[in-house]
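As structure tokens, one chain now follows by itself in the form predicted on its own.
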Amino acid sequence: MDLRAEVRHFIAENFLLTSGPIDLADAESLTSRGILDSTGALELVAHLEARYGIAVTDEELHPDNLDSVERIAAFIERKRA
């Protein structure tokens, strides 16, 4: 499973409570759709740190890094590089 698919799967199971396909474009805002709020962002970060072995600083808790599947995947790739 590629990185974007893994992120999408986590979002579907943990925030949309489904394991089936979801209608969510890679660049679509998770906050604008009401999928991710501040508590959800903390849950997402905990998952990213555990799953991908990265550390997320307070300064990195920003929509530029966490507001879409595309941004989350790019953020993970930057952190792992």
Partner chain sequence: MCGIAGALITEGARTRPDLDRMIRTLRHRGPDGYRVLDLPGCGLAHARLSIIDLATGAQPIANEDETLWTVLNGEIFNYLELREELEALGHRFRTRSDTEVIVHAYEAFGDRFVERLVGQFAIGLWDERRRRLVLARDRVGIRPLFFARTQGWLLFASEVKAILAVAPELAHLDDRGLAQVFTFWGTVGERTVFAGVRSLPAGHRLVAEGTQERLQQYWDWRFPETTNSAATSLEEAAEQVRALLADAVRLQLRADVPVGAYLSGGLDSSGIAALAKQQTRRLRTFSVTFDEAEYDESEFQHRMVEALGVEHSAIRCSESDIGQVFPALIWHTETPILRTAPAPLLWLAKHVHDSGFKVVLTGEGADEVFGGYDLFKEGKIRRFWAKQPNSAWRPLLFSRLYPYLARSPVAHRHFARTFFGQRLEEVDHPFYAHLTRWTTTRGLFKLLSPDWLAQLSRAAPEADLERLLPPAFSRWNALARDQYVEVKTLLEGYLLCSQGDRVALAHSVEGRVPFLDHRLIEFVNGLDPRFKLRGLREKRLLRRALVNDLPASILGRVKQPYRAPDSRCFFRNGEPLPYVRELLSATNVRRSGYFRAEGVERLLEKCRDGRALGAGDNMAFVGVVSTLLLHEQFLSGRITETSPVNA
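Numbering follows the first chain given and starts at 1. Keep in mind that this is a model prediction, so the values were computed, not measured.
Omitted here: the form predicted together with its partner chain. The next part is about that form.
Colleague: Heavy atom to heavy atom, is Leu61 within 4.5 Å of its partner chain in the predicted bound form?
Modeller: The answer is yes: Leu61 has a heavy atom within 4.5 Å of its partner chain.
Colleague: Can Val69 be called a contact residue for its partner chain in the predicted bound form at 4.5 Å between heavy atoms?
Modeller: Val69: no contact with its partner chain in the predicted bound form.
Colleague: Is Leu42 part of the interface with its partner chain in the predicted bound form - any heavy atom within 4.5 Å?
Modeller: Because a heavy atom of Leu42 falls inside 4.5 Å of its partner chain in the predicted bound form, the answer is yes.
Colleague: Consider Leu16 of the chain shown here, and say whether it contacts its partner chain in the predicted bound form, taking contact as heavy atoms within 4.5 Å.
Modeller: Yes, Leu16 lies within 4.5 Å of its partner chain in the predicted bound form.
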